[in-house]
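Only one chain is given next, in structure tokens, and it is the form predicted alone.
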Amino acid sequence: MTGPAISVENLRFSYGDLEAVKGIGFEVQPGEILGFLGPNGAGKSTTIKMLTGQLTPKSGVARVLGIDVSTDDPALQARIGVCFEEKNLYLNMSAKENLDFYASLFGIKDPDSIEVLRRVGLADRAKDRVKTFSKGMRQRMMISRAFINKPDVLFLDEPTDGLDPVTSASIRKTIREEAERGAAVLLTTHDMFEADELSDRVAFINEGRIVALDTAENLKLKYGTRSVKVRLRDGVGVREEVLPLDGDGSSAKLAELAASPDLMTIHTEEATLDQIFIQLTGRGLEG
């Protein structure tokens, strides 16, 4: 298709008197990963639920693959993949049976369920009932289910929640592979490392509003401070000095420290997405 895979304009949603999403707008292009970065309760999951047809927007327009999400079009549902925080798997079915059944809902007669399970490290447990799986394994099942129909758009809500670092890295690799295949990915997370590593652009969402949207690099350059941390021996201890790279006189001071016989290490540092989020909102991503 031409144009954005996801297009959102002035989208709003309320739970009673509580306005959870307050007129947000953004686009996601085919092959792009947009990270929705914000703390719990910021409006991330509510946005995904509107875009996947689970909630009806109170106002605004949202289109996925050119189709208005409020129409609940079955043709659209067949072209998206979704991984929610809530685990709604069939516990008495095996891993393969879960995927085969889910694929049948899309009219897929011969799904490559074993290959999909292999991608999330569960091929060796294909015949085991899901009720025997740990929390992390069930999370990997949710991700595999989102891939089974080779979707054009992926909605991933905290996809690595509850996973160990090695498995999380593997899942991030598969998400990147989906984007390289051409899928548009909307990734919600409060994990700034995950957003920084995966996202082509990030959107900071706080209290229902998008407060910044750009590449992680541009946000760091705009709001962060570049610096160098120098560690030197100081008698029996260690002394640290931090020099701003953008300040006057830093180059001469850095050259002086670098020539010191007490020099141990020099590291460049930049602002993290978490630090920038706090700067813009006054709260942390975990808060």
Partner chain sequence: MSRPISRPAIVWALLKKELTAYSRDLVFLALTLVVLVAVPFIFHALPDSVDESITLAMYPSMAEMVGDARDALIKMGATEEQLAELDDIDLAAEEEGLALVEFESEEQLRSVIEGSLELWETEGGETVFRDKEAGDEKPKDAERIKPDIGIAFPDEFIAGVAAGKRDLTVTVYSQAGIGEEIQTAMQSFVREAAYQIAGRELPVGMPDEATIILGDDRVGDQVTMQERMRPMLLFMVLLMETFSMASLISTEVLQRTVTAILVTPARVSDFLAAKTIFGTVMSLSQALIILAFVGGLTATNWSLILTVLVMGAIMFTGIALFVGSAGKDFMGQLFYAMLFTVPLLIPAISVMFPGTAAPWVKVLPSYPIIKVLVDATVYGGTWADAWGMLAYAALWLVILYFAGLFALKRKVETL
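Positions refer to the first chain, counted from 1. On a predicted model such as this, the values are computed, not experimentally measured, just so you know.
The same protein has a further form, the form predicted together with the partner chain, not shown here; the description that follows concerns it.
Peer 1: Only one of Ala169, Val211, Leu91, Ala123 has a non-hydrogen atom within 4.5 angstroms of the partner chain in the model of the complex; which is it?
Peer 2: If I apply the 4.5 Å criterion carefully, the residue I get is Leu91.
Peer 1: Which of Glu217, Asp164, Glu86, Glu180 has a heavy atom within 4.5 Å of the partner chain in the model of the complex?
Peer 2: Only one listed residue qualifies here, and that residue is Glu86.
Peer 1: Can you tell me if Gln54 lies within 4.5 angstroms of the partner chain in the model of the complex, counting non-hydrogen atoms only?
Peer 2: Judged by the heavy-atom cut-off of 4.5 Å, Gln54 is in contact with the partner chain in the model of the complex.
Peer 1: Under a 4.5 Å heavy atom criterion, is Phe204 part of the interface with the partner chain in the model of the complex?
Peer 2: It does not: once the partner chain is placed as it appears in the model of the complex, Phe204 has no heavy atom within 4.5 Å of it.
Peer 1: Does any heavy atom of Arg63 come within 4.5 Å of a heavy atom of the partner chain in the model of the complex?
Peer 2: Looking in the model of the complex, residue contacts with the partner chain do not include Arg63, since no heavy atom lies within 4.5 Å.
Peer 1: Give a yes/no on whether Ser104 approaches the partner chain to within 4.5 Å in the model of the complex, heavy atoms considered.
Peer 2: Answer yes; at least one heavy atom of Ser104 falls within 4.5 Å of the partner chain in the model of the complex.
Peer 1: Within 4.5 Å of the partner chain in the model of the complex - does that hold for a heavy atom of every one of Arg119, Lys173 and Leu186?
Peer 2: No, the whole trio is out of contact, none within 4.5 Å by any heavy atom.
Peer 1: Only one of 252-260, 231-239, 44-52, 26-34 has heavy atoms within 4.5 Å of the partner chain in the model of the complex; I'd like to know which.
Peer 2: Going by heavy atoms within 4.5 Å, the stretch is 44-52.
Peer 1: Mind listing which residues of 62-83 have a heavy atom within 4.5 Å of the partner chain in the model of the complex?
Peer 2: Heavy-atom contacts within 4.5 Å come from Asp72, Asp73, Pro74, Gln77, Ala78, Ile80, Val82.
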